[in-house]
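Taking the form predicted on its own, here's one chain by itself in structure tokens.
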Amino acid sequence: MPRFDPTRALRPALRDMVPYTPVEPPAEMAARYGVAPESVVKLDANENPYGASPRALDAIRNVEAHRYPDPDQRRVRAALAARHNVPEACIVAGAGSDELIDLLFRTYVEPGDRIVICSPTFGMYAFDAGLLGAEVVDVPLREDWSIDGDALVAATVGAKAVFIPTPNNPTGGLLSHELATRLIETGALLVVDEAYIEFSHGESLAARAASGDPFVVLRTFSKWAGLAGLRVGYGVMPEPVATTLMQVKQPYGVSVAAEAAVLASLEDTAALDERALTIVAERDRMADALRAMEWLEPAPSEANFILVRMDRGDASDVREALRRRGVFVRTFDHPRLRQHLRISAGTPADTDRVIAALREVGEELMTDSMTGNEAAR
């Protein structure tokens, strides 16, 4: 009798699948580079440097960990409905907005369907499309990282879905409401990912999504609320879409700890909003300091991070030089980002460290360049 072959049994779409590349734990990175863990400046994952609300931390201590969470998410949905002034029936929560992205794909996208993105963008959309054997149509951002609206609308006609973050990760730009309307009118499912909206001047589309227009707005507690480790996000959408997702989702996606933290965070929004303003101020201070260096050009950002173009050196080499100094930032394999770093906004002390480290690295690159020029003569 033949034995099961796990390689041959793979679905065709998975055989050449490129895995998603997440950030590594800081303890692992610190050990690898010989850096004391307590001295690490972690600016590679767009996490909230101030952590969770004290109320959320207190709430977690009192959870009944031996009990299953509410599969219908009653308290979470009610609290989120009050926050956005929308019906509870238009909200679905999950283990991070990543679970909602996966759920939308598994519910609506079939092998061979076209989904549309604007690269460079969040990698999870193309990753989930690959899992299902869907075709990814890319409408690249312009040179200034703005969206080519006409090209995007043309590509979306006949597609199953289009995924647009606003602000975009990693470039930090916003989707206009006018372009959102044009995309809705194509007949594709528009998914607007507002993971970083609390750090921007943009106006959320959540209330409009609940009003009946056929699109979905995704939100997360990972950034604004500092709950990345608890994995909790949600979507606001037309009631028929939410009803379907509630039927097909895994029953216990939001843990009892995540539920407690969410409810407590929503009782502490003023403090969390104030922290967001502090992070934005640090983002802008960092951008000014980086711009003052001759070899770095930060792109305008409406998120809690900055995409920085380098005029000298290689991004991976600069990343390694920063890691040896205990400063962790993000680089990407995307062809248009090979000369770019993405740096999260941190505390004032974090900003000082990354600026000082980049000044040192810049001086080293200049010295190496001058030495190379002399040797070439």
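Heads up: residue numbers just count along the shown sequence, starting at 1. Please read all numbers here as calculations on a predicted model, not as lab measurements.
The form predicted together with a small molecule exists for this protein as well; it is not shown, and the discussion that follows is about that form.
**Q** Wondering, does residue 122 line up within 4.5 Å of the small molecule in the predicted bound form on heavy atoms?
**A** Output for residue 122 is yes: heavy atoms within 4.5 Å of the small molecule.
**Q** Check residue 235 for me: does it contact the small molecule in the predicted bound form (non-hydrogen atoms, 4.5 angstroms)?
**A** Flag for residue 235 set to no.
**Q** Would you classify residue 97 as touching the small molecule in the predicted bound form, given a 4.5 Å non-hydrogen atom cut-off?
**A** So residue 97 counts as contacting the small molecule.
**Q** With the cut-off set at 4.5 Å between non-hydrogen atoms, does residue 200 touch the small molecule in the predicted bound form?
**A** It does not: once the small molecule is placed as it appears in the predicted bound form, residue 200 has no heavy atom within 4.5 Å of it.
**Q** Among 242-250, 187-195, 208-216, 128-136, mark the stretch whose residues have heavy atoms within 4.5 Å of the small molecule in the predicted bound form.
**A** Every other range fails; the passing one is 187-195.
**Q** Going by heavy atom distances of 4.5 angstroms or less, which of 223, 77, 283, 160 would be at the interface with the small molecule in the predicted bound form?
**A** So the residue touching the small molecule in the predicted bound form, by this definition, is 223.
**Q** Report yes if all three of 165, 169 and 231 come within 4.5 Å of the small molecule in the predicted bound form by some heavy atom, otherwise no.
**A** Checked in the predicted bound form: all three residues contact the small molecule.
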